[in-house]
Ligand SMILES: Cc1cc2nc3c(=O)[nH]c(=O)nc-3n(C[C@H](O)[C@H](O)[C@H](O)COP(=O)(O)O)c2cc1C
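So this first bit is one chain, no partners, the form predicted on its own, shown in structure tokens.
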Amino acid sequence: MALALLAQAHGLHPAGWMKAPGATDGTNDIDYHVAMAQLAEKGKFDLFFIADTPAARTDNLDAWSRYIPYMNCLEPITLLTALAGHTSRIGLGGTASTSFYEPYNLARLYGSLDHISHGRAAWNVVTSGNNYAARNFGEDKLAPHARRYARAKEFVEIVKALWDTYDDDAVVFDKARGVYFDPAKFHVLDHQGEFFKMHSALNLARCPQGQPVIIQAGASDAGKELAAETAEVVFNSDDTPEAAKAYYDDVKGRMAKFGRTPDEIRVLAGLTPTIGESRWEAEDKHRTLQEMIHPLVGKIRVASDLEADVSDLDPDQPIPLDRIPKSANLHTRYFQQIVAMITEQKLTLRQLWQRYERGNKRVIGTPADVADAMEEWFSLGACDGYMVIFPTLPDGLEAFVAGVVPELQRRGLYKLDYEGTTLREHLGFRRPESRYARAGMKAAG
């Protein structure tokens, strides 16, 4: 199975930062992130992944001051580039939005990361999921969901074309003839689409991987279509094996119409483990964290994914059904999951914020318990591996590397060592040919 680490500075639990070791904050400390990346590499993780949004929250600051996602974080590509010099094998992936970047800039940034890391870069394609980001770029709110995905589809195609500007052997560095590159192997992109008009060529030789790995996490129908057409790693946040299996089959079943085969995508299920030497210890860790969630934080977490104001509601009463919007414009999967919990489980608002995990599979127990859950889903064909999301870091990762990784290796479910040097090799992907090389082969044939 493949493993990726979701590497937020102090973990993903709303109170996780309060359990951080030491008296000072490591969020902006490069040495802190280096140590975490090196620990993940020691555990043979395939990918060190940084989620991101290009925005801080600008309202409800009493709540956000207690719950800090993206309120203080290093820019992902800058951080990953720094980490490239302190690691040698682990993949380095980060989020960048198609709604707010330009294709040329993004192609150059991730192409440069792939060169600097010797072939370990990955780009997580998102359309963004909050209006705070929109307001940073001159808009009051995000464009409608369908339009964001239409832009993303065109954006990704341009980026991939730019990564093929140079053929693999275009740079000849022939000092005797005074020729640096072969003009016949340099390709200019002429593109006129709905969102972009470009006459362009990337000023960067082709990447060590050919192209950086493309990651995507769409849960809507448009998102799954984009994943089936363009992605190589897909994140899934279902919390039951049945739902995860249905998602897995759905995404891979869409690939044939795009001329792709199922083995060209790895689906990674979200896994949130709380690990203890005993189940009692793990349950105590989890319970302690849940009790640390401040009511303001609980409400803002629910409100963000429900896309509705719940600030005036009694936390010990269910959410009225008339507060639920008819549809989502931000995160479709999270919206659907939280609505199902409200309508089917009849939870109070407090129960909801204490149980809601953004859909990821939660496992609370010993290393063997975590390995059991991972083996079950993997054996059922519900995933190709996991995006591991620790409630607290770095202690969660330390426990996983020390206990769960050896258990998975003992069961023959996980590699004993890296078998290649690039992220594509870790994931079992071939190096993609340039589109122009393919076109030339077809013409010659």
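Position 1 is the first residue in the sequence shown; the rest follow in order. Only a predicted model underlies this, so the values are computations on that prediction, with no experimental measurement involved.
Beyond what is shown, the protein has a form predicted in complex with this ligand; the following relates to that form.
Segments offered: 31-39, 393-401, 413-421, 46-54. Contacting this ligand in the model of the complex at heavy atom distances within 4.5 Å is 46-54. Checked against this ligand in the model of the complex, the candidates 208, 367, 298, 129 yield a single residue with a heavy atom inside 4.5 Å, and that residue is 129. With the partner omitted here, the residue from 87, 348, 112, 332 that has a non-hydrogen atom within 4.5 angstroms of this ligand in the model of the complex is 332. If you check this ligand in the model of the complex, you find no heavy atom from any of 147, 195 and 230 within 4.5 Å. The closest heavy atom approach of residue 387 to this ligand in the model of the complex falls within 4.5 Å. Although the partner is absent here, residue 237 lies within 4.5 Å of this ligand in the model of the complex, judged by heavy atoms.
Although the partner is absent here, residue 267 lies well away from this ligand in the model of the complex, with no heavy atom inside 4.5 Å.
In the model of the complex, this ligand lies farther than 4.5 Å from every heavy atom of residue 274. With contact defined as any non-hydrogen atom lying within 4.5 angstroms of this ligand in the model of the complex, 6 is the only contacting residue in 1-29.
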